[in-house]
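Only one chain is included here, represented as structure tokens and corresponding to the form predicted on its own.
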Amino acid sequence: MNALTESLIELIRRTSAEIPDDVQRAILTALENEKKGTIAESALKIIERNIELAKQKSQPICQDTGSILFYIDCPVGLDQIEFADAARAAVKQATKVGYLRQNSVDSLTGKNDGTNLGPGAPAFHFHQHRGDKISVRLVLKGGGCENVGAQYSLPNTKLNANRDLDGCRKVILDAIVQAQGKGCGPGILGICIGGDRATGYNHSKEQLLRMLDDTNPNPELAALEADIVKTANELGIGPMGFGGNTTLLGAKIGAANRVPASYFVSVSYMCWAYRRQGCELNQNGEIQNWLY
């Protein structure tokens, strides 16, 4: 087994078993903000204990280890085929030793070969740059939270949502209301304004690579992110839909160009088990440092 495959196995293990520090801080803050003795507080205490046990035992935070999404920033000239082969070998081994559940099935036959490999599984997103660093980010996105994602086409007459940021706000909040605590809330939203149906969803998921406590460089989107979180947490949906003050831990919004005929708003929902990790690799494929 080469160094790159070993590094990617460790990336998978850490992503599956350890919540990033920014997410941990957000969950602890949410716990402090819930009323004592409520079901919401109890739910967050269970989540907190779950996180502790998973890290101690180096076992998956959630039994649904989800879709495996690799995001690779790489120098021009990196052999992407070789990298993908190493990643597939890492996924197969990580599944064998229990870091990942045997979680990928053939969509036509329902067959599960137990490897987590197949068409589109895992998924790779390569982005070239002219530097010499190789950065790999991994998201493990569970099926429950994926099920409550949503995409809207504006204008939306039912919601009185026009083709502007206020219209975007209305449909994003509708997606939260429609979820009603499903998808293992409190959740985190990745959102894209614009693009087409495919690129909009891709870009919305890339927003989930951002730190929870960062600030959007676009002032209008930064304000909308803050407003969405504040408003969502006033809806009373709460953790797991039990009621309470914490419906969202964060919202991250990006924008992509669109054609004049279309105005999509794509919403990707991430569960509290926000499994997102990344690392920088040297030219030999060895881990140099962690990104989260």
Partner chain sequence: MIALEFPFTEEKVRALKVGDEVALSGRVFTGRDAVHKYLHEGGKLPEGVSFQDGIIYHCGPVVLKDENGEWKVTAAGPTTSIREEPYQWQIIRDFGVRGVIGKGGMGPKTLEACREHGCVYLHGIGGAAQVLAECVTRVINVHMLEEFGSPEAIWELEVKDFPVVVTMDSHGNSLHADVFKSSSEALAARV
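Numbering follows the first chain given and starts at 1. Computed from a predicted structure; not experimentally measured.
One more form of this protein, predicted together with the partner chain, exists but is not displayed; see below.
- Residues with any non-hydrogen atom within 4.5 angstroms of the partner chain in the predicted bound form fall in just one of 249-257, 262-270, 34-42, 66-74: 34-42.
- In the predicted bound form, A30 stays away from the partner chain, with no heavy atom inside 4.5 Å.
- Using a 4.5 angstroms limit between non-hydrogen atoms, R101 touches the partner chain in the predicted bound form.
- At least one heavy atom of C184 is located within 4.5 Å of the partner chain in the predicted bound form.
- The closest non-hydrogen atom of D174 lies within 4.5 Å of the partner chain in the predicted bound form.
- The contact residue chosen from Q93, S135, Q180, T199 relative to the partner chain in the predicted bound form is Q180, the criterion being a non-hydrogen atom within 4.5 angstroms.
- Using a 4.5 Å cut-off to the partner chain in the predicted bound form, not one of M1, I9 and G131 places a heavy atom inside that distance.
- Contacts to the partner chain in the predicted bound form (heavy atom within 4.5 Å) from stretch 32-64: T38, I39, S42, A43, I46, I47, R49, N50, L53, A54, K57, Q59, P60, I61, C62, Q63.
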